[in-house]
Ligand SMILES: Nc1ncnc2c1ncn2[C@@H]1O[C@H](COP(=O)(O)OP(=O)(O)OP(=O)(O)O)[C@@H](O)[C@H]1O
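This document opens with one chain alone, in structure tokens, the form predicted alone.
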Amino acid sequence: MTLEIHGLSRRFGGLKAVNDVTTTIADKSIHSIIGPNGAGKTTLFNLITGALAPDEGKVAFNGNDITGWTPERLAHAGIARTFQRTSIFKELPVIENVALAVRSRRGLNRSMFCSMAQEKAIREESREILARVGLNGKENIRAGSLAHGFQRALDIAIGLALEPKIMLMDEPLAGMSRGDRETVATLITRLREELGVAIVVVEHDVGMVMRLSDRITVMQHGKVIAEGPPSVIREDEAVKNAYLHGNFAA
């Protein structure tokens, strides 16, 4: 399942926040998008995931034009997104956060009646997903009481409940301790290896990006200034001058 981005552009007044961006997200890959603040990374995410409409260009998934699709329609097609700030329901138990997403995928959230068999199956699936992200044993805890790293894992679990082929993660490591960053980074790698989910990441932790990514797209002022595997990006002079200043942390 390949995600293709062709000539995407978006203006805000006189500012071209995303300027003729073209790239391809390969199946079962980890593809990171980096750049300084204001480079257009989150705007690009918003264009891909239907939160914004592009002024020019298109997005294709598995050969089908999905430009302008709503986030709900994209989720049903297999494209899920997590946000920089976790979007969990903090007052609900952990398992109910995931169960809501499972019900949505099964078309049951608006149903007035859910059979005992359906509810049992939903709970079993929710527990399996929580175990996959390391939240087994925390099913009945109020989501808002989880540590920050576990809240991020729950956010990812909610995305997994939609059975995506591609997950777009906006700064999944933001605000975390080093230990929590390592835990979530390991989880991202496992999702690709165990489930075959392609992961697209916007992230400021350059050292972690270099470790995780199969391919990296570097943006500045809305444009792509470099793209390639970490070994190529590490040595790219334009990238060093524009963003990284030669500092590639391990």
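Small disclaimer: the values here were computed from a predicted structure and weren't measured. In case it trips you up, residue 1 is the first one in the sequence shown, and so on.
The form predicted in complex with this ligand is left out here; the points below concern that form.
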query: Of V224, V209, A39, I199, which one comes within 4.5 Å of this ligand in the model of the complex, counting heavy atoms only?
result: A39
- prompt: Just one of 60-68, 41-49, 186-194, 23-31 has heavy atoms within 4.5 Å of this ligand in the model of the complex; which?
  reply: 41-49
query: V239 near this ligand in the model of the complex, any heavy atom under 4.5 Å?
result: no
query: So in the model of the complex, does any heavy atom of A17 sit within 4.5 Å of this ligand?
result: yes
- request: Using the partner position in the model of the complex, report whether E171 sits within 4.5 Å of this ligand, counting heavy atoms only.
  value: yes
message: H204 versus this ligand, in the model of the complex: is there a non-hydrogen atom within 4.5 Å?
response: yes
